[in-house]
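This document starts with one chain, in the form predicted alone, laid out as structure tokens.
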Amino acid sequence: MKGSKLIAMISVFALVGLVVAPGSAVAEERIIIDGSTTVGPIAKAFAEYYMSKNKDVNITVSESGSGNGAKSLINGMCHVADMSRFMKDKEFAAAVKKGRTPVAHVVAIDGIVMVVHPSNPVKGFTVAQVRDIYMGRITNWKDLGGPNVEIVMISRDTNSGTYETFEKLVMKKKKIYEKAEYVGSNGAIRQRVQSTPASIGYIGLGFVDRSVKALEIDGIVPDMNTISSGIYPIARPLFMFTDGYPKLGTHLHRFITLHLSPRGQEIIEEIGFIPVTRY
């Protein structure tokens, strides 16, 4: 019995990535990150940069969605939960019940951009028109100045923070049309839209490239200036959550505050998001 307990304890220590004392066989600290596919590129870029400067640190990043990131932090399976939405009350309650104290770190600002195939002549919509499309009230592009073809609606999966932000800011809690397709990441929406001329989808600003066409919303072009100024109507902060505020001077503290450094801000802009210092 004692032996099995010892093995279980060792397994838990390995999972949470405790620092091993210098001079032992392994002197490497682990930081485990899980969650949002939107925040994922920031976390990966930060991890690559941080590990290049700190050879004794190993950082792993998984992208299982904001909801799963919250679950991982609550269950002690990660040090950092990437989330493209704020943690829900029920998630906070579950964390507190397990003795954890989620602390939010706003690492960047993002806009949710409506995208279509580059061949689509439509330039933009109002928020109300986007809602009508995703409710199934508008089903043909000809009703919006486009070709006479049925609209193919692409949405993020319901466990996504991007989906929940879209549901709140655009859908106003109205149900999305049953014919909508659901995919698991920003990249998957972009790929589906670029290969499907009749499609429409929504992705984070950092995922917009020339393979898709970004639409104006309420006459406003989504870019760093309109989003950071609050003019663009579909915008949100991006978060990294930790269990409590990390101890000052630790690798976790230095990593979680990287977004406030000049290099961290450059990385965020390079990826296509907006640094909090510009907001």
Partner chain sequence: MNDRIYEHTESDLRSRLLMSRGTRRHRRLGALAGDTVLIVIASSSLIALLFIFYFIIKDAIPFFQIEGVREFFTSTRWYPSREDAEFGALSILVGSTLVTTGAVVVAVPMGVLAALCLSDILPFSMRQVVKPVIEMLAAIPSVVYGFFALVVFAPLLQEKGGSLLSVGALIVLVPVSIIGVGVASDLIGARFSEGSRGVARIASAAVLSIAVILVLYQLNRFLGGLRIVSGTNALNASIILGIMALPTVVSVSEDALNAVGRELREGSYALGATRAETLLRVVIPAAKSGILAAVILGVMRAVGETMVVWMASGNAARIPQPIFNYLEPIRTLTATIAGDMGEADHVTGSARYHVLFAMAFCLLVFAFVSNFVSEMILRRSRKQLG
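Bear in mind that the values here come from a model prediction, so they are computed numbers and not experimental data. Positions refer to the first chain, counted from 1.
The same protein also has a form predicted together with the partner chain, omitted here; what follows describes it.
Contact with the partner chain in the predicted bound form, judged by any heavy atom within 4.5 Å, is made by just one of 195, 139, 126, 101: 195. Out of the listed residues 94, 144, 109, 170, 94 is the one that sits within 4.5 Å of the partner chain in the predicted bound form by at least one heavy atom. Although the partner is absent here, residue 67 is a contact residue: one of its heavy atoms lies within 4.5 angstroms of the partner chain in the predicted bound form. Using a 4.5 angstroms threshold between heavy atoms, residue 164 counts as touching the partner chain in the predicted bound form. At least one heavy atom of residue 74 is located within 4.5 Å of the partner chain in the predicted bound form.
Remark: residue 131 does not count among the residues lining the partner chain in the predicted bound form, judged by a heavy atom distance of 4.5 Å or less. Along 228-265, no residue reaches a heavy atom to within 4.5 Å of the partner chain in the predicted bound form.
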